[in-house]
Each structure stands twice: as C-alpha cells, then as structure tokens.
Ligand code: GLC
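Below you'll find only one chain, the form predicted on its own, shown as structure tokens.
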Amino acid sequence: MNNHFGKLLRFEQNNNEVKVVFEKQAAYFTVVREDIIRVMVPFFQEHSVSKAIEKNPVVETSYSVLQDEDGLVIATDRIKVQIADDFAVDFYKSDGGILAADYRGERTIVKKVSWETVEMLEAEGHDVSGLKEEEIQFQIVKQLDEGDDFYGLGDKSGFLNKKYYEYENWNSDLPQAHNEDFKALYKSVPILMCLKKNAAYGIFFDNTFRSSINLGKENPKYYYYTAKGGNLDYYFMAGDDLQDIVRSYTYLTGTTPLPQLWTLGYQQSRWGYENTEDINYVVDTYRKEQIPLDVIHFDIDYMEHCKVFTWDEANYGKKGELFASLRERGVKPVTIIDPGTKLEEGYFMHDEGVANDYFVKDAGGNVYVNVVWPGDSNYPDFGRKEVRDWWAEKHRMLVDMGVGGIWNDMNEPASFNGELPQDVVFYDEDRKTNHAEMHNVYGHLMSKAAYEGLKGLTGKRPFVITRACYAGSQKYTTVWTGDNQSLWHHLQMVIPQLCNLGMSGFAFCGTDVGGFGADCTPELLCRWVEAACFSPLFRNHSAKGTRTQEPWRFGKEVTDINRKYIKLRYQFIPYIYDLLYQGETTGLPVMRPLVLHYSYDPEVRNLNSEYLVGEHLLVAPVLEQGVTKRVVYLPEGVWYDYWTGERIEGKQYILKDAPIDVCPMYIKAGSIIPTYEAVQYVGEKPYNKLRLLITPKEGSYIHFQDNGEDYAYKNGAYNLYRFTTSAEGQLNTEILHEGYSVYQNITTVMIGK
C-alpha cells in the first residue's frame, strides 16, 4: 500500500475534516466524534456514499492537529491518530496507550511454500487460494498485539472469538453444511471489534466490493484487510469495552427498530407446505397440542410457478380466504419473496420490468438472464429508487390479503447457473456501476424496499426477514442465519453466531430451529428449542425432502418439552420486548455473549456455549448429543438457579444436572424481570397483568408498555414504569410516563432466598 503514498507533505483542515497530502496520494481523516475517526482514501471515486450510514454522523468536536518531523497527529479527548510517511497510521488512547498500530514489516506466510509447489498443488486440483497472491485494490495491515481478541463480523460460522481465522465479505448461497472454516456466508457486515488487555476498539470497513480479513491466520504478528475495489474507507472507534464499540457502531449504522409484539412469538415454517390442507393441519395441530404459535410461513410453494407477487389459487384457495382463516385462529401469515423475476411475456412483473427498464443488464446492454426457482429469470436493479418504489408497491396484493410480514430469500443474489458476472450492469441510484460493487448490498436494498412498502401500506412496524444483507440492514429487516443443517455442530454454532450478529447491530436475529437441511432427531430438536428459546427470532424451519419437524412428529416427550420451552418464551416476551425497546437507543442486542458485560474476565473471552439475555438472565443450554450434565461458568456476582432457586456465588464453574427437559438458566441477584401469562398467541387476551421475577438484593428496572403494533409510542402513547425492590422483596412502582392503559395487576415472585 505504501507505493501509493510516499512522504507526508502537508495537511489542510476544513471543519472536522483533515486532508493529508502525501507525495503520490491524498487521504482524508474526519473527526466524527471524540471517539470515532473516519479514514478515507479515494482510490475509486472522490466521494464515498455509504449504504450503511444514511445520516451524517459528524458532530462538532474539539480536536487538535500537529505536524512535526515524526508526522502528523490528530487528537481528541478520547483518541489520538498518528500519521507518518507511506501512510503509516497508528491509533492511541488519549493517555498514550496503543490501540492499533500499522504493521511495519512485510506480509509473510508462516508456512513457507515455494511457488513451484503451489503450481504443482494447483495442477493436482488442491485449493491453493490461501497461498496465491490475490488481485486487490488495497490492503491495510495492523499489528496483532498479545492479548488481542476479535469479535463481530456479522454472520460468520465458527466460534465467538475470530482470532486466527480468515473471512471474506461476499454474500454467498452455499448449500454445503457450514463449518468453522467457511470464509463467507449470506451476509457482509464488516465490523471488526478488538478487545485488548485493557481497552477495546472497532473498525468498520465500509466497502461493498469483495473484501477479505485475515485475523492472524497468515501470521500471528499481524492481521490484515484487503478489498478488490472501491475506496479505502473505514471508521475507527475507541472504547473502554465492547459495549462502547457496539454503541458507537450502531450510532453510525443505526439501531434495530422496535418490532411488533407478535413477531416475538413462536413461528413455524417448512419448504413443502404445498396446499391449504397442509397449512391448516399444522396450525390446527399446534392449537390442539396447546403449543403457542403466532406465525406460519409460506415458502415458494404458495406462488404460481414461483412467480413473485402471485398466488396459487388451485392449491391455496381464493386470495385472502386462507389468510383470514389463519388470523381468526391468531396466526399471522408471512410469505417468502425472491428477487428473481420469471422471464415470461404476459406476466405483469416481467412486462412492467422490461417496459420500464427496471432489470439489470449484461455488458452488451441486454436484460441479464439467469436461472432460479421460476426458471429463466431477470433481476430488479434495487440500486435505483424508482425500482425500489415499484417493488415496494407490489406488496400491496399481499397486504390486501392480510399478510403479516415478508421473508426475503435468494437475495445474495443467488442463481442456479453460476454467479452473476462481475460486469453485469447495475446502478447506484443515478450512477452506472456493476455487480462487483452492488452484490453485497443487493439484499440490503431489497429489504429496504420491502420495509418501506409495508410501512407505507400498513402504517404498522414492518416485519421483514432477509437472508442476505449488508452493514446497516438492521434498520429495515430481521435476519436469520440461512440454510443450516440438522447437525449437532450447527446447534453449537447458534450461540456464537447470533451473539456476533447481535454485537454487529442485528439485535433481532435467529436460526432455523431444528435445522433446515438433513433430518432432525428427537433429542436435537429438544436441545435446539431450549437453546433458541430466547433468540429474538424464534422459528422452526425445514427443507422439502427432510423429515418433518413439527414437535408432535417426534412423540409425546418431544412435544411436551417443546411446549414447555415455547410457553416459557411467551412468559418472557415483555422482557425481550423491553430489551428491544432499550436497544432502539443503545444499540445493544437481546442475546449477548458474556464478554460483552464481563470484558476483562479471561474465562469468557472464548465462551461459546452460554449467553446472556440482557444483563439479568444467563442461559447455558446443552449442545451435545447424549449429555445430561453440563459445566456452567457463572461470572462475578451472585446468581440464582431459575429452576431450583439455589443461590450460587459467581466467578466459578459449577456442574449442573441437565436431563433432556432442563436448560440451565440463572438470574443475577438484584434482578427484576417482567413476565406475562403464557398464551397461545399474542393478542389471545389482553396483557393487563404483569408478574415480576425478583431475586434477593435491592434492584431497579425500567419497563416499557404500549400497543405493540404501530408508531403511536413515538407520539407518547406508552407507559414507562420504574420498579424498585428491597432485599426482602418489597416492591415500589413509579409510572415515569403514562400514555397507555396501565396494568390492572402487578405481582412479584421471588426466585431464591
């Protein structure tokens, strides 16, 4: 990279921006806030327009700039950046402690291999991609210090701590069973968080082109980031711990908006509910078995020959009738939508798209064609506002039928005849560009269109789910982790995967409970529903051709265990809703790794099998086949066993009995957790009674209550309670804001003695 720069010559200061001029290149440093610095080098275009950051985050900030023989120093009260010749950029805390320094040596692969050997291995068909030089636009290489651990990066497979692994940011539809060495999955969320021995920092690499990040795998002395196009454009965030970095990152890219209350209920899906009878059987059996259910998903089967925004009346009846019947039973329908639009003259979506020039084109100027579920298909160019508006309006048919939400799939964009070529012509608003730049934001822009469509058509908080997306998509959509498998190691990935997604801005996320591909076993389904009981998106989903995995398919014991934990979820809905309400302001997620709150406890930096729900509840599910006891780590403080009330001192490991129907759960001393009576669906009866779970020790808690549907709370139609308890359990209630019907009854239940 230093070939682009040369000696540092001078600087030019303009409000919060400092232009640094080198012999061969200029770079721009922007003081966003006292703890955030943006670094931008215009390799691709003079001005970067972010898809993730849609507001101007820059605030007036006091800072200094000083140039001397060692280079240039930009300093605020929280952070200092030192810039030297050849674009060496080092970040420090205000007290002078190092945060992230450029690596001064050359990149060298620890495992030495001659190029002759590489060529021989390649000729034999081996994967040598990690040994060959890649064509890149730029790279930055940072020193990897002793004690550094890495988190974030959105939807990646493997473990919580990403140190010594490598990843790619390239949205990919991969049908294989995902394991820890997968470099890319469906989403690109390039926010890297580093927890040091005594500080934390984050780097958001805001570049939509294909990029890679290697966190010490190539060489434990450094980590690096490379991109195949675009500008070097990143935001450096300094903090005391990981919470600071999550707050700063979501300050930039936006927080997850408060969803409708019913979206926190249990959801059932399958690719293979092929007609009205299938749908009715599933819903009626849930009701018969007294297992709560709020949502039924319609996969591609419901459309006419997989054509988007159509309805198969032959198999699903007259438009609107099935949806009305479902809603009478308290179930909200959610329909899948794919971007691939069938190439068929006479089909309204095709005809309108061609007539209005809404589809992407190949390099020769022809409408681009690839194959997806409908067969030959075209791809809407969501980078253009007029196309997004057109797509948004097309949701009217489903809204008029009574749809509850939209599930966007295959929007990497996926295709059956190979990946879209890099030179397929897309637009970024009015600017002509290509697939190489727009690939990673295709799902993001499709979700934005769906969100704006539902919001405009219903006036309610949109429920949009997406498989593919980019940083900042949390403003528009819920996410799930894509096509997982009914495998124990996929269950084991649930906690680190969802916790890293949560820290990467996606507070509302989940996995396919039971696994999408392969055949689920009775024990696996039980342990999965226990593990995912507090994941914000709580959906059982499976693929056509696999074993059906509704709970009753596995017999009475499995049905009883699923009922137990799904009802438990419904009891905790007000707590999860509170966390999402708070997260609209703080950016903090619902599911949290212990390292988020206990950053400097060495026992939790690599803890993959436990998570916190907010700060008050710790969940330690069994994640291995045949295991009926598990070791649980409890961090500092006093904790109470949810099931037995046993008091346990923290900062130690304990051994917990965990038969097939027990998921170990612990409540921290001083907690107040709101719960509701379990119902069969949200809205079955008014939520006019609140039960508070409390533990010995004084506690304080803020609780939010509103209608759970629309934006009236933004105009004051909500209640805000402050509950405080004494060590003996005496409750005091204050209403800090009253703008909604108050509870008729508030009671307490003491956990522990």
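All residue numbers refer to positions in the sequence shown, first residue = 1. These numbers come from a predicted model, not from an experiment.
Omitted from view is the form predicted together with ligand GLC, to which the following refers.
Think of it this way: in the predicted bound form, ligand GLC has a heavy atom of just one of 594, 300, 465, 658 within 4.5 Å, and the residue is 300.
With the partner omitted from this view, the residue of 322, 410, 349, 403 that lies near ligand GLC in the predicted bound form is 410 [heavy atom within 4.5 Å]. Contact annotation for residue 336: at least one heavy atom lies within 4.5 Å of ligand GLC in the predicted bound form. Using a 4.5 angstroms limit between non-hydrogen atoms, residue 206 is distant from ligand GLC in the predicted bound form. Ligand GLC in the predicted bound form is approached by residue 541, whose closest heavy atom lies within 4.5 angstroms of it. A residue is said to contact a partner when one of its heavy atoms sits within 4.5 Å of a partner heavy atom; residue 102 fails this definition for ligand GLC in the predicted bound form, lying far away. Although ligand GLC is omitted here, in the predicted bound form all of 373, 480 and 483 have a heavy atom within 4.5 Å of it. None of 292-300, 246-254, 660-668, 259-267 except one has non-hydrogen atoms within 4.5 angstroms of ligand GLC in the predicted bound form; the exception is 292-300.
Residues of 515-535 that come within 4.5 Å of ligand GLC in the predicted bound form, judged by any heavy atom, reduce to 516 alone.
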